[in-house]
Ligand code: BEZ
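Here you get one chain, nothing else, as structure tokens; it is the form predicted on its own.
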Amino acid sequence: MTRNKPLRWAALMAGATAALISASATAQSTKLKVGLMLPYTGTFAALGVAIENGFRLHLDEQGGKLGGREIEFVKVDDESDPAKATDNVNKLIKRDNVDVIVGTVHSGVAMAMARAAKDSGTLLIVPNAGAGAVTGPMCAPNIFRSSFTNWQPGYATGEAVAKRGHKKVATITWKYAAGDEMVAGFKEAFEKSGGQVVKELNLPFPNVEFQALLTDIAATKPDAVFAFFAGGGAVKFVKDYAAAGLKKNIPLYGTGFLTDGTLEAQGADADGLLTALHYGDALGTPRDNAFRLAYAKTYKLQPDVYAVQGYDAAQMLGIGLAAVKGDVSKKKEFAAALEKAKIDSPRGPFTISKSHNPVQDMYLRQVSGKENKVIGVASKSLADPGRGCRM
């Protein structure tokens, strides 16, 4: 009996190992639950739809699987409402038991999502919201961004406006995290080049009553105006700016969100506007041409920056999953794979910074007809400073 003990022990160990391998294989053969927490109603509804479309397009290109895992979606309309954000994200994590969360557009909502992801360890990929804190003080090994920080397009626009010789500029935006941070990025670059921001104007999100502020701009007579608005608010601002007669005398600049996904509604009022962003409608590269053709065929729509960010969120998830063979519990290995990857994006190749934000070219674009045509590079390989990130 004594002599048989080692044999029995070896058999038990072999059986246990086989059971673990079988359990792991079973776990990886189940569907990966991806929570899409995006705006499907309200000011940013079109942006949420474009992000989801882009994500699904890449998934379809991979035969419906990422890292060997089929994807099951759980969707939540976050309504761009920070007051509902904590409850919404906790439902995905605790009730629906999602493996990964993809979202969102509104920076205030994204902050609540980042807190919940950091506390629970759930993988989070942010496909738009640029709140600096997400990849700044709140950075974590399980939190990634496929888009930008608010600082990046703001800073790039500040550089571009300064290079065009303007000295005194007024800024206008919604009074919330995205607006504040884009203006701060713009000021940092513009004032570094010797420019001066002579007036900072704002109004509560999502208010679109611009008339009093436009009157103020007319009275101030700056060399130029820098604006951040998006979605329906961007449409109304551009049209109101032109209607007030300001476009003729005071050049209007903005981060690309001012004219991305909005040109159809803005019409001739947007023509000639200059913006800076990490994507444009006329890059002309084989990668982007293929993406635009596939998107147009699938959705009967032209893609915009939001579609690209959704597409790249799926690419990033696929890269991480491939490295861990579909096992999302291996968060360190997942993060390591993305930190050394070069993502082959329609926007052009980009890498991920130590704080998990894209390091990317910021293009200078000019509206021509219904396109944001790239006319140059405003900032090459611009990396957000990741201030406050300790990881």
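Residue indices: 1-based, along the sequence shown. This is a predicted model, so every value here is computed, not measured.
One more form of this protein, predicted together with ligand BEZ, exists but is not displayed; see below.
- The putative spot formed by 156, 253 and 279 is not touched by ligand BEZ in the model of the complex; no residue has a non-hydrogen atom within 4.5 angstroms of it.
- Only one of 313, 113, 230, 307 comes within 4.5 Å of ligand BEZ in the model of the complex through a heavy atom, and that residue is 230.
- With the partner omitted here, the residue from 129, 101, 234, 161 that has a non-hydrogen atom within 4.5 angstroms of ligand BEZ in the model of the complex is 129.
- Taking the partner from elsewhere, residue 299 is found to have every heavy atom lying beyond 4.5 Å of ligand BEZ in the model of the complex.
- Residue contact with ligand BEZ in the model of the complex: residue 321 places no heavy atom within 4.5 Å of it.
- Although the partner is absent here, residue 47 is a contact residue: one of its heavy atoms lies within 4.5 angstroms of ligand BEZ in the model of the complex.
- Within this chain, residue 176 lines the site of ligand BEZ in the model of the complex, having a heavy atom no more than 4.5 Å away.
- Heavy atoms within 4.5 Å of ligand BEZ in the model of the complex are found in exactly one of 234 to 242, 129 to 137, 89 to 97, 183 to 191, that being 129 to 137.
- Along 137 to 174, residues 148, 150 each place a heavy atom within 4.5 Å of ligand BEZ in the model of the complex.
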